[in-house]
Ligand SMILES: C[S@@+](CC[C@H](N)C(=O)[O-])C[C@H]1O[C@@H](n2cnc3c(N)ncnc32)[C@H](O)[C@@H]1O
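Have a look below at one chain only, the form predicted alone, in C-alpha cells format.
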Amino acid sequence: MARSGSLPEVALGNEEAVRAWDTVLYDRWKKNRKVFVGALDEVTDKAFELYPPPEGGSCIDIGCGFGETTVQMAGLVGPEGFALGTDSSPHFIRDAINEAADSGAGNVAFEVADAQVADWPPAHEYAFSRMGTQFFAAPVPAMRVIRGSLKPEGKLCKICWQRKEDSALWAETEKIVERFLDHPEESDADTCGPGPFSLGNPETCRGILEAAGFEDVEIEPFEFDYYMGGSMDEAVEAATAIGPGAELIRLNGDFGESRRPEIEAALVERFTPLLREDGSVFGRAATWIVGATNPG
C-alpha cells in the first residue's frame, strides 16, 4: 500500500507552497478536518456522479490529502480496480497510508509527489483532483504531467473553486479580517502559491487544460450549502485557520494574532444569521466540476 513517505522532487516555484502544506497548513487542516473534509462531501459525490471512475479501472488522485477521495474511488472501481493517491506533503501521505490500512482498503496505494514534475507512466484510465490543482506555479506543465498519467481516451475529473467573490463565506470572511489588518507587502510566512481561487475564471481553467493537451473540456458550475462548522465556535475556528481571511491573519504574524479576538467577535456577528436550529453553520459556496479527455 505504501510507496513513499520521503520528500518529493519539487518544481521550481512550488517550494514555498509545498512547505506550507506540509507544515502549518497541514496542522490546521488536520485540526479542522471534520469541517474541511465534510464540507466537500456533496460536491465530491456530484463530481463522481457526473464523471464516474470506470469499474475495474486504474485511477490517480492528485492532491489527495488524507486519502478520503482515493479510498472512495477505490470503492467505486471495485476490487478489480486500483486507486493511487498522490500529494506533495509527506505528512498527508503518512496519514493517508495509515488510515487506508485501518479501513481495510486493499486496492489503494499512496506516494509523495509534486505533480508538476512527477514521472508517471500512462497507466490510468481516470485522474481526479478535489481542490488539488490550483496551487501550481506552472499549471500548464503540471496538467500536462497529469495528462501523461492517463491512457489514450483517459478521463480527467476535478473540482476547483469559482472566483472568491462567488462564495460568500470566503469573500465576506476576508472582508471582515480586512477591517483589522492590511495585506502586508512582505511576510516571513510561507504562502500556498497562486492560491485556491486561481482557476476561478472558467476560461482560464479551460485554457490551461487545452494548452496541456486535453480535449472535450466541460466545466459545470455547482453551488451548495457549505458546512462551516457544527457550532459557532467551530465555524469561527475553521474560518480563521484556512482560507483567505485566515491567510491574512497568518501573513501578519504576531500582529495578526493580536487582533484575533476582535476578528473572531466580528465573525460571530456575521455568521449568526447562518446558524441552523441544531447550532451548525452553513454558507453558500460555488465550485466548478471539470471534465476532460486525454486524446492520447
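Throughout, we count residues from 1 along the sequence that is shown. For clarity, every value in this text was computed on a predicted model and none was experimentally measured.
We do not show the form predicted together with this ligand, though everything after this point is about it.
Q: Should Ala113 be classed as touching this ligand in the model of the complex when contacts are defined as heavy atoms within 4.5 Å?
A: Ala113: yes, in contact with this ligand in the model of the complex.
Q: Residue-level contact is defined here as any heavy atom of the residue lying within 4.5 Å of this ligand in the model of the complex; does Tyr227 satisfy this criterion?
A: Heavy-atom contact with this ligand at 4.5 Å: absent for Tyr227.
Q: I'd like to know if Arg130 sits close to this ligand in the model of the complex, meaning any non-hydrogen atom pair within 4.5 angstroms.
A: Arg130 belongs to the contact set for this ligand.
Q: Residue-level contact is defined here as any heavy atom of the residue lying within 4.5 Å of this ligand in the model of the complex; does Val18 satisfy this criterion?
A: Val18: contacts this ligand in the model of the complex.
Q: Go through Gly57, Gly256, Gly65, Gly243 and name the one with a heavy atom inside 4.5 Å of this ligand in the model of the complex.
A: If I apply the 4.5 Å criterion carefully, the residue I get is Gly65.
Q: Within 4.5 Å, heavy atoms only, which of Phe135, Phe82, Trp170, Phe214 is in contact with this ligand in the model of the complex?
A: By the 4.5 Å heavy-atom cutoff, the listed residue in contact is Phe135.
Q: Specify the contacting stretch among 231 to 239, 267 to 275, 46 to 54, 29 to 37, defined as having any heavy atom within 4.5 Å of this ligand in the model of the complex.
A: One stretch meets the cut-off, namely 29 to 37.
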